[in-house]
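A lone chain, given as structure tokens: the form predicted alone.
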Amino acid sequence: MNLHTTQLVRTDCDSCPIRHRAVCSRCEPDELDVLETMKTYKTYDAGQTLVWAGDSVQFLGSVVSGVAALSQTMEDGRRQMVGLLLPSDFVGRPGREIAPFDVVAATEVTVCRFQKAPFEKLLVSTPSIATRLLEMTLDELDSAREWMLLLGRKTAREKIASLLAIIARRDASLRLRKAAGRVQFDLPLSREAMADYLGLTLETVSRQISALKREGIIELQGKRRINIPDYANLLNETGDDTDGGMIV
């Protein structure tokens, strides 16, 4: 696959689809002007590697659209997916010289990339960016813990329900909505990708999705459109303690 660079039609930060959640969400106009001087857009095809583990970090940035996977390869060649990067998530770590994980495009991904050295310098003089990045890092820590539970302890059905709930919640957030009641979104991953990332077989993923559909938990429209009649019912299938009560 060929890597290609795409200049988005809308390059103005005010019209950016992730503006309210991105690292620059609290920037003043003059701070956005500074960011403008160090940013470029790049689009990667599905399956393309954005960052190789062990390589020097060349850029930092925000996922504008699409989904990327964080993964690590062990000595014997086995790969473990350790997380997903969804729109508004940050790619890379300021102050880190070597990338710890592979970052691979699960779908076509567009990234708003910042030159590493100028961005790190800007963090020192721009508290709004530093504070927002800290908040995002803490959110990512929570997501990592959620992912550990999902991979380590949940049943196949709970894994599928949890992944759908996570994507639905993030999609609603990007649209400035609350994930509640009837929720609709486009699933950004193929069933093959879901199976790979969740440590399941393709047959198991298809079987569990069919079961959730048959029981009215989800509705399928085309290949990727997911309708959830009642988000609370989906949460009940994740195995999480969604009501905050004592687990008995």
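By rigid core we mean the largest C-alpha set that fits within 1.5 Å across both forms. Nothing here was measured: the structure is a model prediction, and the numbers come from that model. From 1 onward, residues are counted along the sequence shown.
Keep in mind the form predicted together with a further copy of the same chain is missing from the figure; the text below concerns it.
Annotated contact segment (heavy atom within 4.5 Å of a further copy of the same chain in the predicted bound form): 190-198, selected among 190-198, 219-227, 59-67, 39-47. For the three marked residues, 140, 151 and 239, a heavy atom of each sits within 4.5 Å of a further copy of the same chain in the predicted bound form. a further copy of the same chain in the predicted bound form comes within 4.5 Å of a heavy atom belonging to residue 133. Taking non-hydrogen atoms only, residue 117 never approaches a further copy of the same chain to within 4.5 angstroms in the predicted bound form. At least one heavy atom of residue 93 is located within 4.5 Å of a further copy of the same chain in the predicted bound form. Interface membership of residue 108, defined by any non-hydrogen atom within 4.5 Å of a further copy of the same chain in the predicted bound form, is ruled out. Applying a 4.5 Å heavy atom cutoff to a further copy of the same chain in the predicted bound form picks out 96, 100, 101 from 95-111, in order along the sequence.
Positional change of residue 126 between this form and the one not shown reaches 2 Å or more at the C-alpha, relative to the superposed core. In the core-superposed comparison between this form and the one not shown, the C-alpha atom of residue 216 has shifted by less than 2 angstroms.
Residue displacement note: residue 116 has its CA displaced by at least 2 Å between this form and the one not shown (rigid core superposed). In the predicted bound form, the CA atoms of residue 135 and residue 231 move farther apart by at least 3 angstroms compared with the shown structure.
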